[in-house]
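Shown here is one chain on its own, the form predicted on its own, set out as C-alpha cells.
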C-alpha cells in the first residue's frame, strides 16, 4: 500500500501555525513511509473564502519547505462529485430531506435545554410521507439533506496517537446535515463532513492526520465512509498547540499566522524545526534538525497526547542557532528585505565587499533577522549620535591626542586590513604613552557612538571601506 496523506486547509484566513504544524506531521509521515503528500483547498464557504488567503497558504507551505506531490485541488471545482454521493445516500435510503424552519429548530433546542438535555436534532423529518414532503414544498420551504445516524451505534477506531477511541453515535447530535438549500429535485451546497469523505475516497487517502479538535468529526465521517461502501482510512489526531495558560492558541495570543512569523524575522528551517517539536520528540532527543532528518525518524508513537505549549523563548533560541551558523551570503539574502524596509540605502550586489563581512560579524549575535536592523544601523550613516557615556569617553584627558594620532596615521599609511589597523593602534598607544585599553575604548566611542557593540576592529575596517571612519573621528574630536 502506498501511503497517501493530505492537508486540507480552508482559505478563510491566513496559514495558521496549527494548520502548518498539521502539514508538518503529514509531510514527515509521508516522507518517512515513501508516500505522497496531497494538498486540497476546502473553499466551499463562498462568503469567507478569499483568493488572497489561498495565495498565503500556498506561499507559506512553500516557504516552510513542504512541497506537495499532488494538487492543489479545490473543493469548489468538485461540487458535482459531492452531489452524486449525496444522491447515492438518498437512493439507498440513508439520507433524507428535512424541512424544519429556523424557528422550529430554535424551539426544539429551547425545549431540550429546559429539560436539561443536550441540544440535538430529534430526527422528526426522517420518515416524511410523500404527501407531507409535497406540502412543505408547497409552502415554499427549503430543505436540508440529513444523513441518518443510528443512535445505537458505537463507533471505534484505533487512533495512531491516542490508541483505541470509542464514540457513541447518540452523542453526535442526531441526523447530520450533509447539504443545505435543497428541494425535492435539487441538492444544495454540500457541507464539510460529506465533502471531506468524498474527497478522501476519490483521492485514495490512506491516513488522515489532523488536530484533536476533529475527533467528533471523525466519528461522523466513519459512518459516511461505511455508507458509501469505502475503506475507512487510518486516523491520527495530533495534540493542539496551547498558549501558556493551557488554552488553544488563538489570535488573541498574538501572532499565529506563518506569514507574520516570517515578518518577525524567523527563518523557515527554524520555524519548521520548532513546529516539529510541538508534540513530537526525536528518539535520540535531538532538538535541532532539518525536515529531511526528522522524516527519517518520524513515527506517531512519539507524538504526545497532551497539548503542546507554545514557547517563544524556545523558538527564539532555535532561530538563533540557525542564524549563528548561516553563511554570510545566505544571511544577507534573508536580511536584505528588513534592511530595505528600514530605509537603509543598500545595494546587495554593489556593496557586497562590506555587506558580507558585516553579516559574518553580526550573524553570531542575532536572535531574529529583524535584529540586524538595529545592530547594523551605524554602518549606514556617515555620522553617529553619541550616547552620554561615549561622549564622556572622548572628552577624557589625552583622548583628543589619541584620536588626532589615529587620524594622522590613517592619512599617512592608508591601512586597508585589520592587521594594519592593529599596527596603527599599537603605534599611537606607544607614541602617546597611554594604555591600549584607553585607545580601544576611545576608538569604539568615536566610531560607534557607544561603548558596546560588535567587534571593534572588524567594524572599523567596514567603516573604512565605506569612508565613514575619518568623518566620525573628526566628529568625536569636535566634542573633546
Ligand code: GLU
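Numbering follows the first chain given and starts at 1. Nothing here was measured: the structure is a model prediction, and the numbers come from that model.
The next section is about a form of this same protein that is not shown, the form predicted together with the ligand.
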Does residue 302 make contact with the ligand in the predicted complex, using a 4.5 Å heavy atom cut-off? no
Mark residue 167 yes when one of its heavy atoms lies within 4.5 Å of a heavy atom of the ligand in the predicted complex, and no otherwise. no
Whether residue 196 contacts the ligand in the predicted complex should be assessed with a 4.5 Å heavy atom distance threshold; does it? yes
Residue 10 near the ligand in the predicted complex, any heavy atom under 4.5 Å? yes
Go through 310, 378, 192, 322 and name the one with a heavy atom inside 4.5 Å of the ligand in the predicted complex. 192
Let me know the one among 296, 124, 214, 109 whose heavy atoms come within 4.5 Å of the ligand in the predicted complex, would you? 214
Would you mind picking out the stretch of 366 to 374, 150 to 158, 206 to 214, 338 to 346 that comes within 4.5 angstroms of the ligand in the predicted complex, counting non-hydrogen atoms? 206 to 214
